[in-house]
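One chain follows as structure tokens, the form predicted alone.
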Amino acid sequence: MAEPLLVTSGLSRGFGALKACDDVNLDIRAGEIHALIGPNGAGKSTFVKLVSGEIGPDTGSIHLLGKSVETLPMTARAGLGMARSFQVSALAPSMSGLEHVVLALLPHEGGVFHFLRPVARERELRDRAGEMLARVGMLDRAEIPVAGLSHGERRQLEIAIALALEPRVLLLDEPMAGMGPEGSARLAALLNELRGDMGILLIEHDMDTVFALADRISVMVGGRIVATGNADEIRSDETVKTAYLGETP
């Protein structure tokens, strides 16, 4: 079996007396969707922040493509092949979705040099940005300023931006939040397609989506992973039933 793309070992982070992540061991393999689920406050978003480099761990290690990255900033991790669904967390309200994706493509096109020309009008970049937007169902909204997009559409745009970074590992924190049934179905189909190109960590509260898409599921409760397995194994795990799914043994 090939080495995992991303591995965390003993990853921990506290905030005062609260242990938001407690000795978390988790890996993401090429070609899989690994879902991380758990109740609100379980530590899932803290884990994503640790893996992406937004915050640093108290203890533990993070290896991306075999390289230790726990001390590297977010930009360096992105350069090694990690992207996050809200990597550009402050979308510019006056800029269109197309312009956002074009800017995300710049590092692959010579970077700052392109600021010397009308970047958003360059046909090749616009075409490539359009392909990214089409993949997330946003091509017909490409020219609309972000201020005119719905919350769900902004989430779709963030994924298009992440895809422009050509990731090997994609971190998605509740990507379907705020989407209607049609948008959620389109995104689920996209994630199913993307799994062949990368490893995906999916945090999502829609259990139907998780059980339908995920190759493996890890359950986090109180900052710790209490179970990992496929959908059937997680559904039948007594610890998960009691701690998360609300069932009694």
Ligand SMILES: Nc1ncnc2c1ncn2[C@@H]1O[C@H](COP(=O)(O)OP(=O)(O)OP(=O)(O)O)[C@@H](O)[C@H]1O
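Don't overthink the numbering: it's just position in the shown sequence, from 1. As the structure is a prediction and not an experimental result, all values here were calculated from the model.
Omitted from view is the form predicted in complex with the ligand, to which the following refers.
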For the ligand in the predicted complex, the stretch among 206-214, 60-68, 184-192, 44-52 with residues bearing a heavy atom within 4.5 Å is 44-52
Tell me, out of Ile225, Ile234, Leu11, Ala20, which residue has a non-hydrogen atom within 4.5 angstroms of the ligand in the predicted complex.
Ala20
Could you tell me which one of Glu122, Glu174, Glu131, Glu99 places a heavy atom within 4.5 Å of the ligand in the predicted complex?
Glu174
Residue-level contact is defined here as any heavy atom of the residue lying within 4.5 Å of the ligand in the predicted complex; does Gly31 satisfy this criterion?
no
For the heavy atom contacts within 4.5 Å of the ligand in the predicted complex, list the residues of 127-148 involved, in sequence order.
none
